[in-house]
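Presented as C-alpha cells, the chain that follows is alone, the form predicted on its own.
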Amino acid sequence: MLIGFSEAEQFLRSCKDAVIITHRNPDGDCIGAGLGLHDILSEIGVRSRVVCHDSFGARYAFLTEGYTEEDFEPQTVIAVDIADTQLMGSYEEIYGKRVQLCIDHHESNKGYAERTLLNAKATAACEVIYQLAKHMGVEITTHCAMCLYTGIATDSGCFKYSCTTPEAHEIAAEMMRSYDIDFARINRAMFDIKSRGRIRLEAELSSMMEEYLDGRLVIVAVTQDMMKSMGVSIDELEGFAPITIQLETAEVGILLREREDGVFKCSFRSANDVNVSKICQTLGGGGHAKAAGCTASGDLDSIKTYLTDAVRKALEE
C-alpha cells in the first residue's frame, strides 16, 4: 500500500536490523539512496546494511570508503530505488516477497512491498530520502549529504534532464551550503573521469549508431566481447544512454549492454514526447517517461527487431 512520510517514519523508528536492497547494475541514485538511508537509520539507532547483486563501481569509492557491513540476521527488509523485484538480481529470491518498505520515485513501481513511499515526481530516490529525513527531523551528516547530492546529480544528468525539479536544485544547494560537500569532486567523478577503454568505446559508439524507423529510433549495442576487447566493465557504461538521442532525427534511443549471463540490459531514452516507460512496461520493465529500461535475451538481431516493433507501435499511437 502507498504510505506517507509519517507512516514511513513510524515504521523506521520501530524497526530493527534492516537490510537495504539496491538494484543490480547500481547507479549513483540507488547507491546514494541506500547509503544515505543507512546513515539516517544509524542516527536513530537502527542497525542496517546495504546490499546489491553487483558490486559498487570504483568511481563510488568516495561514498563507500569507511562503510562497514555489519553481520546480523535481518529483521527488516527495505528496498530503495527499485520499481520491480526483478531488478534485485540474486536478492529477489531471498527478499523479493519480504519487502516491508519500498522508497522509490518510479511511476512504474509495481507495488510489491507491504508499504511504498513513492514520489513519482521526484528527480531521484535521493530526493525522497532527503524529504523523509527532514520530516523525521534527523540530522543529515556530511556523508549523507554527499550521498544525496550524488543521487540527485546523477539521475538528473548533472541537472540537465527534463526530470530535474526545482526541489532538486534546492536540495543540492542546501547540501553545498550547509555541509560544504566537495560537489566539484563528485561531479568530476560522476561525469568527467573516464578510463582509457571507456574513451575508446565512446568514440566507437558514435560510429556504431544504427538508425531505424526513418531515423526516429537509434540503437547502440555493446556486447561482452566488445567490453573485454576494450578493457571496460558494464558499470563503466553508466551514463552512455543519452548518446542514443543525440542524432537530430531521434525520438527514441536504446543502449543495449550485454551482461555476463548473456542477457541484454536495454536502456531507453526519449528525446521529446514519447513515453518510454509505457514501452518498457509492455516489455516487462519500467521507469520514467523520459528514461526507462527492460531486459531482453536471445540473439542480438532478434532483440533489435523485438525492440523496434515495440517502439514502432508506440510511435504509431
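Everything numeric in this text was worked out from a predicted model, so none of it was measured. Just so we're on the same page, rigid core means the largest C-alpha set that superposes within 1.5 Å between forms. The first residue of the shown sequence is 1; numbering continues from there.
Quick note: we don't show the form predicted in complex with another copy of the chain, though the next part is all about it.
Contact annotation for residue 240: none of its heavy atoms lies within 4.5 Å of another copy of the chain in the predicted bound form.
Among residues of the shown chain, residue 272 is one whose heavy atoms approach another copy of the chain to within 4.5 Å in the predicted bound form. Contact between residue 195 and another copy of the chain in the predicted bound form is found at the 4.5 Å heavy atom cutoff. When another copy of the chain is considered in the predicted bound form, residue 115 lies well away from it, no heavy atom lying within 4.5 Å. Contact with another copy of the chain in the predicted bound form, defined as a heavy atom within 4.5 Å, holds for exactly one of 76, 164, 119, 131, namely 164.
Residue in contact with another copy of the chain in the predicted bound form (any heavy atom within 4.5 Å), chosen from 234, 176, 226, 94: 176. Annotated contact segment (heavy atom within 4.5 Å of another copy of the chain in the predicted bound form): 200-208, selected among 83-91, 139-147, 200-208, 100-108. Using a 4.5 Å heavy atom cutoff, none of 25, 51 and 310 lies near another copy of the chain in the predicted bound form. In the predicted bound form, another copy of the chain lies beyond 4.5 angstroms of every heavy atom of every residue of 27-64. The Cα shift for residue 28 between the shown form and the other one, taken after rigid core superposition, is smaller than 2 angstroms. Residue 179 shows a C-alpha shift below 2 Å between the shown form and the other one [criterion: core-superposed Cα displacement of 2 Å].
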